[in-house]
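So this first bit is one chain, no partners, the form predicted alone, shown in structure tokens.
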């Protein structure tokens, strides 16, 4: 029997219902914040992610579904959403307009990694990207939007913050960090040893316990910010505090992608295993320029839909729409015509097989229909249809015309 690939799951039943509910809820909140929907391709040039995510990242180095297509193009299935949105922003010359642009997206992402709870090879993200606004208040707005999404979904969460500095303070900090890491190289894991040369700040995010102990004394970017970055970070914390938003400063929070600068944040939740980050993002003011666009400040985030499914509880849905059935198969055509017209205004399910009235009522309840409408020979002769309101427990025979 042919089965789905490892780490690539079907969405159906309750999972499908939760998925749709999460996307609809997040989309409504994003629209309230002034974001409009964007759809980008699943397949992009590999160079896009090498230049944006960074060749030193695990995503590019180990996890991308990359191949040469029939046109000899080096392509890959997108491992994350931001780079494609930025590519579209530049390709459609929006960077030249000098206007603020805000987009939200949702869709499938692909990473070839070891499947585990909260980490799949095919997963879905909902994300937002804001272009053209350099104020730290936009960073705050993004954080408040994510909080609104999780509050609407009934998900308890914690917020972690950090600052990754800018072109002025990061290079100096990077030098001091490399010096510290070189002195500890023999005590660090293999991944940390490799990252010293490629992306030293990523060592701070190492999950190996022995590395965490050794890195606790390493210099932190938050303690080495330039005056501008420090002022922004202090204002960010101050405004969140004024709005009664609780947060924790995590000096080891660096994010997994190379393009972040200044504000970085994560939302975490309990009860979903070791992969407890449910959303994350930050500012990436240099990425548009890295991809050959005009210098444009930007900030965004993504949340993992599968990560939060277990945290979402769906309310029991109210019965809705009509269930249609026949007592005699020769009347199915007439019933079908009635049901099809009714479909223009409400949800409709049609049972094609003849059944007893009791059986139709039982099926209508299974379908969570509000009304059961049944056509028999007597109703056809009189131009009527039998209807029962399954919630109000009221039944009637009405003319097909008025129905």
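Keep in mind that what you see is a predicted model, and the values were worked out from it rather than measured. Positions refer to the first chain, counted from 1.
Form predicted in complex with a small molecule: not shown, discussed below.
A.B. asks: Identify, from the list 297, 293, 321, 118, the residue with a heavy atom within 4.5 Å of the small molecule in the predicted complex.
C.D. replies: By the 4.5 Å criterion, the partner-contacting residue is 118.
A.B. asks: Using a 4.5 Å cut on heavy atoms, which of 106, 102, 307, 147 is close to the small molecule in the predicted complex?
C.D. replies: Looking at the other structure, the residue within range turns out to be 307.
A.B. asks: Taking any heavy atom pair closer than or equal to 4.5 Å as contact, tell me whether residue 80 reaches the small molecule in the predicted complex.
C.D. replies: Taking the distances in the predicted complex, the answer for residue 80 is yes, it comes within 4.5 Å of the small molecule.
A.B. asks: Could you tell me if residue 281 has a non-hydrogen atom within 4.5 Å of the small molecule in the predicted complex?
C.D. replies: Contact check for residue 281: yes, within 4.5 Å of the small molecule in the predicted complex.
A.B. asks: Please check if residue 125 has a heavy atom lying within 4.5 Å of any heavy atom of the small molecule in the predicted complex.
C.D. replies: Within the cut-off, so yes.
A.B. asks: Would residue 129 show up as a contact with the small molecule in the predicted complex if we use heavy atoms at 4.5 Å?
C.D. replies: Yes, residue 129 is a contact residue.
A.B. asks: Pick from 80-88, 325-333, 215-223, 158-166: which stretch has non-hydrogen atoms within 4.5 Å of the small molecule in the predicted complex?
C.D. replies: Going by heavy atoms within 4.5 Å, the stretch is 80-88.
A.B. asks: Does the small molecule come within 4.5 Å of a heavy atom in each of 255, 277 and 302 in the predicted complex?
C.D. replies: Contact check passed for all of 255, 277 and 302.
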